[in-house]
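Next comes just one chain, in structure tokens: the form predicted on its own.
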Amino acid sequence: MTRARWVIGNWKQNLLRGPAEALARGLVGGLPDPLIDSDDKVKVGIAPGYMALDVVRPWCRPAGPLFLFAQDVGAQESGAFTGEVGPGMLIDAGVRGAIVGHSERRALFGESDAVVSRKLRCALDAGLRVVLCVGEPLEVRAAGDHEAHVLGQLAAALANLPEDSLNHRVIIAYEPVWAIGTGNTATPDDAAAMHGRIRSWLREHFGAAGSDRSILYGGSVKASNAAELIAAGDIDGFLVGGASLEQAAFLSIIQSVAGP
């Protein structure tokens, strides 16, 4: 099975409803026809804020070419959990995937590996796609412990996952924390090496299903460095932050992944 190539824009806490709808509409209008007509080239997703989900929904599947993701998801389906949004609520709003374990959720909101694991399982059980984020902070990279750190996050998140659940709905995103929003980017060789190590680990623990998982890179991805990163090999696409808020830049990144 050929690994799917993805470019997913994480809009974070940006864009009110009007600008969010305008950006989604502009992206659809700017996508080359082959990307609109076929999944074979590259799949494109956007993750707007919760309050903008309804206005971008008409531009997303099944009516449009974009896949609609949420930036987070609850660790439980429903119940007395003030402020949480469960996977069933997301599906009811037209969402088909969610980002789990983003470094900002881990660092700023105290999400542990155990919470990330529960969110992953809850979202998959409900039928959502999941983008599972892993990545190391600068001090871990400097100490040379980055592989152990990232594989430890991966192992913890997937610990209670049945082997047959690691299917096409699981997407891995490697995001070195020191490169997110800093302007720094892992070198193509560094990024490809970590992607290769993650893929080897998945193969060792999940066999062929692990080998086929899409692994994206995230961390100050820009139009100017996307093609170089893709050319390094083992990178199946990108989880894009700031550049996904700029229509021209995001479309350029998509084109870098799609190729000529």
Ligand code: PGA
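Being a predicted model, the structure only gives us computed values, none of them experimental. Start at 1 and count along the sequence shown; that's the residue number.
Quick note: we don't show the form predicted together with this ligand, though the next part is all about it.
Student: Counting any heavy atom within 4.5 Å as contact, can you tell me which stretch out of 150 to 158, 74 to 82, 116 to 124, 171 to 179 lines this ligand in the model of the complex?
Tutor: In the other structure, the partner sits against 171 to 179.
Student: Is the gap between residue 12 and this ligand in the model of the complex 4.5 Å or less for some heavy atom pair?
Tutor: Contact check for residue 12: yes, within 4.5 Å of this ligand in the model of the complex.
Student: Are any of the heavy atoms in residue 242 no more than 4.5 Å from a heavy atom of this ligand in the model of the complex?
Tutor: Contact with this ligand, yes.
Student: Taking 4.5 angstroms as the cut-off for heavy atoms, does residue 45 touch this ligand in the model of the complex?
Tutor: So residue 45 does not count as contacting this ligand.
Student: So, residue 221 and this ligand: in the model of the complex, are they within 4.5 Å at any heavy atom pair?
Tutor: Looking in the model of the complex, residue contacts with this ligand include residue 221, since a heavy atom lies within 4.5 Å.
Student: Using a 4.5 Å cut-off on any heavy atom, which residues of 102 to 121 would contact this ligand in the model of the complex?
Tutor: Heavy-atom contacts within 4.5 Å come from 102, 104.
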